[in-house]
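Here we start with a single chain on its own, the form predicted alone, put down as structure tokens.
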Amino acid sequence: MRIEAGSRLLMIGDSVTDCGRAHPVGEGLFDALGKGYVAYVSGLLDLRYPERRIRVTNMGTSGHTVRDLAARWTRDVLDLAPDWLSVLIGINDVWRQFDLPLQVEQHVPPEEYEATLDALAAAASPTLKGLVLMAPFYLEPNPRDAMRARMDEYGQAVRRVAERHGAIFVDTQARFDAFLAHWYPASIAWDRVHPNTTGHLLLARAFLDAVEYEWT
């Protein structure tokens, strides 16, 4: 497994990452990591690698876009000095284009999204041991659906940023697509964005596979 002993793993993003985590810093007692994939990642790391004592911090904030991440990057990432950083952002960047089509000031176009994510990765990379970039997703199996097609564009942007910075890329959409070959989307996310327990476990599994977690 690639995350070394004594590492601090910081996971940042929007509501899918937040999941009710403690504020201002998501770590500590009583569901401080939230009730989503971050908590599952932390628990599974502790169970499989108790001797490594990996510290997990959840810095997700509901409703945020990559613009919001840029505004809080120093405080919520650089100042906390993580060894490993995981970023899952982009769902709201796309969603606002569809649920608030007339409020264009809230839309983050793909060029801005990629450039901002690239700048954030560049700012954090020099002090990191590992960077994981997770693609945003939309739980719609039809790739010709308008919002799904747009989300795929942003996922490809994440892939390009990961390649430029030597980061680990996690294709969350592909993982959900495999699952949705058997299940209807609303069964794991009523709005096709916020997953239930099964969906969060899928995200945790995708992240852990990417960092070469040894399941057996």
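Note that residue numbering follows the sequence shown and begins at 1. Keep in mind it's a predicted model, so treat the numbers as computed, not measured.
Note that the form predicted together with a further copy of the same chain isn't included here; everything after this is about it.
Figure note: of the listed segments 150 to 158, 164 to 172, 65 to 73, 177 to 185, the one touching a further copy of the same chain in the predicted bound form, with heavy atoms no more than 4.5 Å away, is 177 to 185. At a distance threshold of 4.5 angstroms between non-hydrogen atoms, L202 is in contact with a further copy of the same chain in the predicted bound form. Put simply, D118 is far from a further copy of the same chain in the predicted bound form: not one heavy atom of it is within 4.5 Å. At a distance threshold of 4.5 angstroms between non-hydrogen atoms, T127 is out of contact with a further copy of the same chain in the predicted bound form. Within 4.5 Å of some heavy atom of a further copy of the same chain in the predicted bound form lies at least one heavy atom of D145. Residues of 32 to 60 placing a heavy atom within 4.5 Å of a further copy of the same chain in the predicted bound form, in sequence order: K35, A39, Y40, G43, L44, D46, L47, P50, E51, R53, I54, R55.
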